[in-house]
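Just the one chain here, laid out as structure tokens, in the form predicted alone.
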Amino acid sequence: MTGIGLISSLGEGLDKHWAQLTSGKTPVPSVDSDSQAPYPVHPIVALEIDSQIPKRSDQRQMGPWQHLGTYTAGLALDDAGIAHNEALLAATNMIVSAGGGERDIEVDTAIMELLSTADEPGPLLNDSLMNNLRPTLFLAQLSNLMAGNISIVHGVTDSSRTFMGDELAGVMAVDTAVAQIQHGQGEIFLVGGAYIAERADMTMLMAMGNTLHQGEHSPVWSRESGDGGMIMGSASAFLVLESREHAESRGVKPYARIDRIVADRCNRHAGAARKTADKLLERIADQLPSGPLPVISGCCGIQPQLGEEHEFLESLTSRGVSPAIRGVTTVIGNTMEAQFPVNVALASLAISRGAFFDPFDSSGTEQVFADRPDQVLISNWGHWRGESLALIGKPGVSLRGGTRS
């Protein structure tokens, strides 16, 4: 991993996140309790859009979601030292994890108001879809427009693909890039995603599924004793991944290395996700170190998944592992398609800086990790489906069960 672009409610860039999460005090999350009330969200920070998207014509045809992703992709390219290098950009592959694009809230609201009083809502909805929606509205909602805009603005012009599917899309995006590098199907990839929590359409969809936490913000582990619920967060992370040989030929120093990613999905009956995670753990057990191990969890906050994931992580002690868990959603919220790239970015930041983050809450669930982290375990369970584990390590450090190249 040779480049990282990271933006969340904590700030823009790696230094801002490092300062917020290693201050020696419990981090104070940025929370907006009003704009989507009664549902709190972690809002996006203000961006100097011109610095990464200089053309006003490009800016005008994007919404906030595309602004955020395109901007963050530019940060990653800058960080990797390949921005404005036409030859390298032309050889850079891109994989984006994305949900549906921005909607026209006024049109949606008008249609829903009509449907609420209609004697026959079905025909009325069909008529509205045929006659009231502009063709350009559908274009604005295409999930692959983020990749298209990154290509246009930043000149990333090799292969491009977009994955949809909530949190698991981010896992598959990174995993696919890693697999293609390992199999010689590309030497350099730009991969990541973005999510805007302040979108009223997304708040409505999540609320209709009874997935959101209401009222005051609370740390994710404290929601384990109640009904649970997600607090959504605006964030974006993009990563530049390269083969070792390609990075060495450019003379760049990597942040970290992705050692393993394993993932699966199951129906979320009680206990099913835990069983799936246990099976995934068996696939990486020979690479787990003994003793203290930093763990970054993308725990969503919904029960029973939250409790099951917590129990799963605590069960690592039976393998001689002492997990120092950090529930990332406490400080930046659930960021959906961007969650796994964000977690990978944070794990890589910790490895490159030679220290782990302070506990994110004062409940006692999260223990101090005082050593230099050689490896970080990521646990990333989706709010509906999709369980995954990943190991992020230091380049050049030998592993149990194998040696990193």
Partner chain sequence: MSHATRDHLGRPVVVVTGIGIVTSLGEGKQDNWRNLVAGISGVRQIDRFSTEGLRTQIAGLIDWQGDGPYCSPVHSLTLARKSASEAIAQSKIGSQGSFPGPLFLAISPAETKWDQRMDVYKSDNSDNSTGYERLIRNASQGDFHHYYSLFQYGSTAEFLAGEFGTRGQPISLTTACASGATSVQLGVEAIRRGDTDAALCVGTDGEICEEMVVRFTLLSALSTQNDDPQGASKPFSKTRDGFVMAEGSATLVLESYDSAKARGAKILGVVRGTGERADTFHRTRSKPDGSAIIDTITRSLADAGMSPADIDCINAHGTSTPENDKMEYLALSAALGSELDNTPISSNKSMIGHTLSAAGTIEAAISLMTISNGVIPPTINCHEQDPNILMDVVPNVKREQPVSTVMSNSFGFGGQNVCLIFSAEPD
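Residue numbers count along the first chain shown, from 1. In this text the structure is predicted, and so the values were computed from the model without any measurement. Throughout, rigid core stands for the largest set of C-alpha atoms superposing within 1.5 Å between the two forms.
As for the form predicted together with the partner chain, it is not shown, yet the points below apply to it.
Looking at P289, you'd find every heavy atom of it more than 4.5 angstroms from the partner chain in the model of the complex. Although the partner is absent here, T203 sits close enough that one of its heavy atoms falls within 4.5 Å of the partner chain in the model of the complex. Looking at R385, you'd find a heavy atom of it within 4.5 angstroms of the partner chain in the model of the complex. In the model of the complex, no heavy atom of S322 sits within 4.5 Å of the partner chain.
Of the residues R250, H217, K279, R161, just one reaches the partner chain in the model of the complex with a heavy atom at 4.5 Å or closer; this is R161. Comparing 238-246, 326-334, 152-160, 73-81 against the partner chain in the model of the complex, the single stretch with non-hydrogen atoms within 4.5 angstroms of it is 152-160. Shown without its partner, the chain has no residue in segment 269-286 with a non-hydrogen atom within 4.5 angstroms of the partner chain in the model of the complex. Relative to the superposed rigid core, the position of the CA of N126 differs between the shown form and the other one by 2 Å or more. Relative to this form, M206 and P123 separate from one another in the model of the complex, with their C-alpha atoms ending up at least 3 Å farther apart.
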